[in-house]
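Below you will find one chain, with nothing else, as structure tokens; this is the form predicted alone, and questions on how it binds or moves follow later.
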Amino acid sequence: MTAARASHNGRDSFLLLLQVTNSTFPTGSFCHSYGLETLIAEGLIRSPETAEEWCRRWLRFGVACCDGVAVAGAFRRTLYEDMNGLAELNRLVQSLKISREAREASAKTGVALLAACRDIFNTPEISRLDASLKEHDMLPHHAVVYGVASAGLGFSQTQALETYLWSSFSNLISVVGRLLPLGQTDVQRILLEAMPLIERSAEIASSRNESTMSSMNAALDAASMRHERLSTRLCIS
């Protein structure tokens, strides 16, 4: 990541990055498995190795090519105060969430993130996004809110992308760690070994055109659709 610099109200952007990406920041991401709970229940994920493989696929072919691109797009639109463009980007993200649970997870965490950023940081960028999406009668999606918040807090685009991808992967592997007999050491090892993939995914997201956004993860989309029929569920999605 780039070096820390003065940011929102003169605060250190590095410390703000730590705050926003902390697992205690109220977004509700820890409640979502994005279909992995289904695969665990069906016996397709049984070990740290298979859990790591599926989480890496989710990051590379799902998040990097869809939400990551949206974070970068929202960041750039915020700098130019392009509110109509943000609304269109938000609509595009929703259309790419194929399963109902994936759409709801993206919107629920987006609503929570927007409310938290509004109540904690109260930046004009977040206020404008909130007003614009209400005018368009749309729920905010998590990636769009994160990109707007990052620009408003003075992060660089690289910081926004890398922290979004890192926190997304970290939250998911932590959820999987609760569903499987994964120790904290396994979770941290998987996270460490994912660092090069996170950096590569950030490069993909920053260079990809929004017209080519995709969510190429049919197996997880199908698992997300089956999730609501599980007899026992610990996660929302």
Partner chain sequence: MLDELPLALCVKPDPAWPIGKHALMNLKIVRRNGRTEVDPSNWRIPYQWQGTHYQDNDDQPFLLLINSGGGFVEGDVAELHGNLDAGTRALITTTAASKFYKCPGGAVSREEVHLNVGPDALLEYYPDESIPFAQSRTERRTQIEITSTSRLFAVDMVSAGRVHYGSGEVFAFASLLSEFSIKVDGKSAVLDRIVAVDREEIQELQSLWQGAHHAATIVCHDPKLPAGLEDKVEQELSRFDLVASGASRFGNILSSRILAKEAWHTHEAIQAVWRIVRPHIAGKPAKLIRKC
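Numbering follows the first chain given and starts at 1. All values derive from a computational prediction rather than experimental measurement.
Absent from the display: the form predicted in complex with the partner chain. The rest refers to it.
**Q** Going by a heavy atom distance of 4.5 Å, is S95 a contact of the partner chain in the predicted bound form?
**A** Residue-level check for S95: yes, a contact with the partner chain.
**Q** R77 near the partner chain in the predicted bound form, any heavy atom under 4.5 Å?
**A** Outside the cut-off, so no.
**Q** Would you please decide whether M213 lies within 4.5 angstroms of the partner chain in the predicted bound form, comparing each non-hydrogen atom pair?
**A** Although the partner chain is absent here, M213 would touch it in the predicted bound form, with heavy atoms inside 4.5 Å.
**Q** Using heavy atoms and a 4.5 Å limit, would one call F61 a contact residue for the partner chain in the predicted bound form?
**A** Residue-level check for F61: yes, a contact with the partner chain.
**Q** For the three residues Y34, V175 and L182, verify that every one has a non-hydrogen atom within 4.5 Å of the partner chain in the predicted bound form; reply yes or no.
**A** Spot residues vs the partner chain: no contact at all.
**Q** Heavy atoms within 4.5 Å of the partner chain in the predicted bound form: which of the stretches 53 to 61, 25 to 33, 188 to 196, 165 to 173 has them?
**A** Checking each option against the 4.5 Å cut-off leaves 53 to 61.
**Q** In sequence order, which positions of 196 to 210 have a non-hydrogen atom within 4.5 Å of the partner chain in the predicted bound form?
**A** R200, R208, E210, in sequence order.
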